[in-house]
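Starting off, we have a lone chain in the form predicted alone, written out as structure tokens.
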């Protein structure tokens, strides 16, 4: 006899997986395997395929590199704000430090990009963390305001003292040479950053980070040095920003004051709001939306700011959770028929 709908019931697909255990998944059906892997594969393969899809549009291929640089900043901002509790507006400072370090290493010591990028990334992260160290006791708007002063101060100091090329910047920096290396280096960096930080957050150190965000005094009362963990969070975020800055200076073959611009502090925040805070991947999604829009509106000058304001207002009013959180919630409502 043919099986009828009375012999089956609808069940949430994710419930069938998660009911077994919270941390270890026992895959019993191809639907469950597809359910778990599909979003991850779409994200990874989609990013890897972007340069190939846009291979006939050189300008937009360059935009992919800029998207990835903003994505590194946005992932760092999302991690620091939503998992450590420090709202940093110092993205422009991270980019500037990484850019100037890579340019100086290349011009003064003749080091190629394969050497300057990793040195500027990790040494720049240490430099930024040491400068932010006295500010770590601050929280909320106070830390945000102080962090915003760093890119403004750095630009004015370089201009006033006429160091590092002054207003002209450092010219003649060596390029990556191969544009495919440039694009896939940045795309790979974004994927690794998201994977490492997501993995970090499910370990014990991630639990401490969340504790510092929610109630740092309770963590401190547990004999844990919260300053060390705050400094570690700042180091992760600043390292990602310095990586973006080091790549940027080799892309443009120049390092200058514009790399301390507030765009590198503001756009990552907007991308996190649009994509969904706390998800990390949502920050990347927000950059994939906002940066191309910014490029398309480049001819309109400062009108771009008005467009950003409208987009942010719309998302805050109608979709305050962000696209990624909304999409994940809808995705988890998929159902399947199961035998009774």
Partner chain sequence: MSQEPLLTVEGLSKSFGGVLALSAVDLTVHAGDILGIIGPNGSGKTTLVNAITGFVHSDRGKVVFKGRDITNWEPHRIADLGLTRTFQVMRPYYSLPAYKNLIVPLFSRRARRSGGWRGGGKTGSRDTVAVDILEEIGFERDSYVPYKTASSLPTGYLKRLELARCLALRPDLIMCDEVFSGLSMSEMASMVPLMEKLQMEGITLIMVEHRLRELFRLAKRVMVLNFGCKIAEGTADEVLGTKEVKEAYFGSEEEVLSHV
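Numbering follows the first chain given and starts at 1. Please read these numbers as outputs of a predicted model, since none were measured by experiment.
Form predicted together with the partner chain: not shown, discussed below.
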Can you work out whether the partner chain is within 4.5 angstroms of a heavy atom in all three of 55, 58 and 62 in the predicted bound form?
no
Using 4.5 Å between non-hydrogen atoms, is residue 224 touching the partner chain in the predicted bound form?
yes
So in the predicted bound form, is the partner chain close enough to residue 211 to count as touching (4.5 Å, heavy atoms)?
yes
is_contact(residue 127, the partner chain) in the predicted bound form, heavy atom dist at most 4.5 Å:
no
Should residue 219 be counted as a contact of the partner chain in the predicted bound form, where contact means heavy atoms within 4.5 Å?
yes
Using a 4.5 Å heavy atom cut-off, which residue among 207, 181, 145, 157 comes into contact with the partner chain in the predicted bound form?
207
Among 229, 235, 252, 164, just one has a heavy atom within 4.5 Å of the partner chain in the predicted bound form, namely 229
At 4.5 Å between heavy atoms, only one of the stretches 198-206, 265-273, 239-247, 94-102 reaches the partner chain in the predicted bound form; which one is it?
198-206
